[in-house]
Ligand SMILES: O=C(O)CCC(=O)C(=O)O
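Take a look at this single chain, the form predicted on its own, given in structure tokens.
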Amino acid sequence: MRFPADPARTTLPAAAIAAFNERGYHIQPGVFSTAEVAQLNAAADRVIARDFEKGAPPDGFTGRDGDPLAVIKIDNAWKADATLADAALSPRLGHIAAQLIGAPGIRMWHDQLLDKPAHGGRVITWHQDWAYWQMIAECRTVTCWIALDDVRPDSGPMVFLEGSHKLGIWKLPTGITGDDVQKPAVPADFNGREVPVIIPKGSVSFHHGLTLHGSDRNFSAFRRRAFVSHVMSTECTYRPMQEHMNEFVMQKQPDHPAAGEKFRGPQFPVMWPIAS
């Protein structure tokens, strides 16, 4: 594996876990080195160019379709490229995520490769990730957002509504991508601040599945690429409630979980603990 476990960089102090429980997010600098990010960027650009090293396509590919300012979004790119697979499934991410949510182990849910072009993209309105993942019965999920480029204040960074994970689940927005920001009507006594995620490449932002977040267009002259590993506790169970890409793939595989059973199978590899 290109990105092996590194406990010296991924063991969290109790204060960091307590802050995650309070705020709904955690920033871990330097999870991937400059040389490792260069490998990831080369792999990301291969997949964006539809060069699939592993001979198999990703599960989803939303391209620009002739619009050079549109965002590229690729789902489960780990299936197409070995370098991206090693990053998405890295025990570094699994170790941190397990500590943050107090899970005995971590499985991959799915990944997303995102390329927001210079002077491009559209508004990603306020939303919660788990709201789109209702086939996971328990909200024991974490989004691990790897910065592949330096994230600038003007390049369309993610913005968290701090502490919003404590407010429960919200109705899905009317269209997640567009020109308008659909802010949720939070309680009058809620004082959570909006926190832009301005981080250098190689750093990773982790957020709870109920943390409200969104992003603006990229107003800068630089690309904003990210590779996102969405993960869940190994204790999470399958609930056939809301259609999802993962369900269609999972059901084609032998011995897939039935309703109420824990997730298993090749669609959801274990990231942590490391198999002996």
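Please read all numbers here as calculations on a predicted model, not as lab measurements. Start at 1 and count along the sequence shown; that's the residue number.
What follows is about the form predicted in complex with the ligand, which we do not show.
*What is the one choice in 75, 129, 149, 86 with a heavy atom within 4.5 Å of the ligand in the predicted bound form?*
Among 75, 129, 149, 86, a heavy atom within 4.5 Å of the ligand in the predicted bound form occurs only for 129.
_in the predicted bound form, the one of 210, 48, 228, 250 near the ligand [non-hydrogen atom within 4.5 angstroms]_ = Here the answer is residue option 228.
*What stretch, of 210 to 218, 37 to 45, 233 to 241, 53 to 61, brings heavy atoms to within 4.5 Å of the ligand in the predicted bound form?*
Among the listed stretches, the partner-contacting one is 210 to 218.
*Answer yes or no: in the predicted bound form, does the ligand come within 4.5 Å of a heavy atom in every one of 114, 143 and 224?*
The answer is yes; 114, 143 and 224 each reach the ligand.
_With the partner left out here, check for me: in the predicted bound form, does some heavy atom of residue 103 sit within 4.5 Å of the ligand?_
Contact with the ligand, no.
*Quick one: is residue 96 in contact with the ligand in the predicted bound form, heavy atoms, 4.5 Å cut-off?*
Residue-level check for residue 96: no, no contact with the ligand.
*Can any non-hydrogen atom of residue 136 be found within 4.5 angstroms of the ligand in the predicted bound form?*
Close contact is absent here: in the predicted bound form, residue 136 is far from the ligand, nothing within 4.5 Å, heavy atoms only.
_in the predicted bound form, residue 197 touching the ligand (heavy atom, 4.5 Å)_ = Output for residue 197 is no: heavy atoms all beyond 4.5 Å of the ligand.
*Just give me the residues of 169 to 200, first to last, that have a heavy atom within 4.5 Å of the ligand in the predicted bound form.*
Read in sequence order, no residue approaches the ligand (within 4.5 Å, in the predicted bound form).
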